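A single chain, nothing else alongside it, follows as structure tokens in the form predicted alone.
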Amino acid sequence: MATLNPPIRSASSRPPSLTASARLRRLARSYTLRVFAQAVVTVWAVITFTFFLIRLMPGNPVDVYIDFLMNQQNITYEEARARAASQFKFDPDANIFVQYGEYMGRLIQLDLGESITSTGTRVIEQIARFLPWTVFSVGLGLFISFILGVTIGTIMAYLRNSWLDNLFSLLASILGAVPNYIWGLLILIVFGVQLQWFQVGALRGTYNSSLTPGFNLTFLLSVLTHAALPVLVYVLGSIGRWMLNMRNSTIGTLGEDYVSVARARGLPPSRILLAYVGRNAALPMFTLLAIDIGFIIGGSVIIEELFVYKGIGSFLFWSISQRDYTSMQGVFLVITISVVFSNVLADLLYSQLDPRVRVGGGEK
């Protein structure tokens, strides 16, 4: 039996290879590349801005330490300054542009430097110590508020203009209008101090200090107990927005033609809810969720100080009070990267949902 050989294509029939300039033009039109390039420039600009901004704050690490020694140990300024000079490697009189060049040089090598006030302690180690607790507490609060808010918002849309919808709308408006730190103060004062439903002092920290960290039930319960109040505050502060956004998105989806066609075909209400309404109404919510993920790190300073929860927000507050420049820069860098690239994630996600956002018809 004769075998058929594939036709041999002549050199003239092959598609011409792209030139270097054509490849560069094609790469420049890439939507994803443009988004990431803008993100990198934004991170650099914010890093530079915060570097100079924190050095414009009144006082510096040496002055703060001198004031502490003079107030606590009742010694003269000269004695306190001499002890501060031996304590810190930081020179407050060094040229600020030289400091910036040295900082950027270390940053390119992924080195955040050492803490000024805690000699010998690397900033990256401090961030690695405190960051997981903030990600756990704020992330858990965001997850719970998102699930509850989307669920309740869908129910509100299906029961729109009913007494239950009006009640939930009023509740969501109140929850969204009150800042989360106000909820934290109310919980501490009303339920902790006045009603004494819990011992405020016993819930300080991230877990019971008498326990050894490990994957065991006792330690995990202690972690959840200490994180319960911050998580509750995060839920109260954000669930109202999810409820109202999901309600409005679901109402808009219910008015679409494909939902009317599905009802006319006699499809079960449960299938219409899951396959037609819920899936499409929740798409904008996931975009907002991607953006909110970036604010996990930076939105915890007041709450963690309020409940004495030792996360990255508490560490940032301490760094600011001590004027620990390198620690502040390290935390601000982490916050900046998380916020910028969460917006990149949301931008790319939305470009997949709606290709019209790709400006100028650029390629992916």
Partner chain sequence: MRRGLFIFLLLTLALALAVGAVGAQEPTRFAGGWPYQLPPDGHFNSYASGVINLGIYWDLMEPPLGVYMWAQGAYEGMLAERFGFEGDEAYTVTLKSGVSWSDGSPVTARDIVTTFYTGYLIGWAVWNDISSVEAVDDRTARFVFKAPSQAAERRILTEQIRPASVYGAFAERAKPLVEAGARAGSADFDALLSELTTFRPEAFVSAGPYVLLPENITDAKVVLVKNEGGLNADIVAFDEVHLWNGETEVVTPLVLNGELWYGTYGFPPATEAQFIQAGIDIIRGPSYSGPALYFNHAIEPLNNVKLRQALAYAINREQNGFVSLGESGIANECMCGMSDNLASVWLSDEVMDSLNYYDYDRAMAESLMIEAGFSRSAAGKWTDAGGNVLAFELIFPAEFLDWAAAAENVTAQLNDFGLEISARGVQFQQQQQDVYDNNFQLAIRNWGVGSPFPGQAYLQAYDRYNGQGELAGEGVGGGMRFPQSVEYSGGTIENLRQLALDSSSGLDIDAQRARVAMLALSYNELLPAIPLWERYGNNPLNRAKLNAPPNGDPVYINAGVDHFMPYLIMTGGITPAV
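All of these numbers come straight from a predicted model, not from anything done at the bench. Numbering follows the first chain given and starts at 1. Rigid core here is just the name for the largest C-alpha set that superposes within 1.5 Å across the two forms.
The following text describes the form predicted together with the partner chain, which does not appear among the structures shown.
Of the residues given (130, 136, 146, 103), 130 alone sits with a heavy atom within 4.5 Å of the partner chain in the predicted complex. A heavy atom within 4.5 Å of the partner chain in the predicted complex is found for exactly one of 94, 110, 217, 202: 202. Note on the interface: of 95 to 103, 137 to 145, 217 to 225, 182 to 190, the segment with non-hydrogen atoms within 4.5 angstroms of the partner chain in the predicted complex is 182 to 190. Residue contact check for residue 68: one or more of its heavy atoms lie within 4.5 Å of the partner chain in the predicted complex. Put simply, residue 154 is far from the partner chain in the predicted complex: not one heavy atom of it is within 4.5 Å. Using a 4.5 angstroms limit between non-hydrogen atoms, residue 213 is distant from the partner chain in the predicted complex. The closest non-hydrogen atom of residue 82 lies within 4.5 Å of the partner chain in the predicted complex. With the core superposed, residue 77 shows a C-alpha displacement of at least 2 Å between this form and the one not shown. Residue 306 is not among the residues whose C-alpha shifts by 2 Å or more between this form and the one not shown once the rigid core is aligned; its shift stays under 2 Å.
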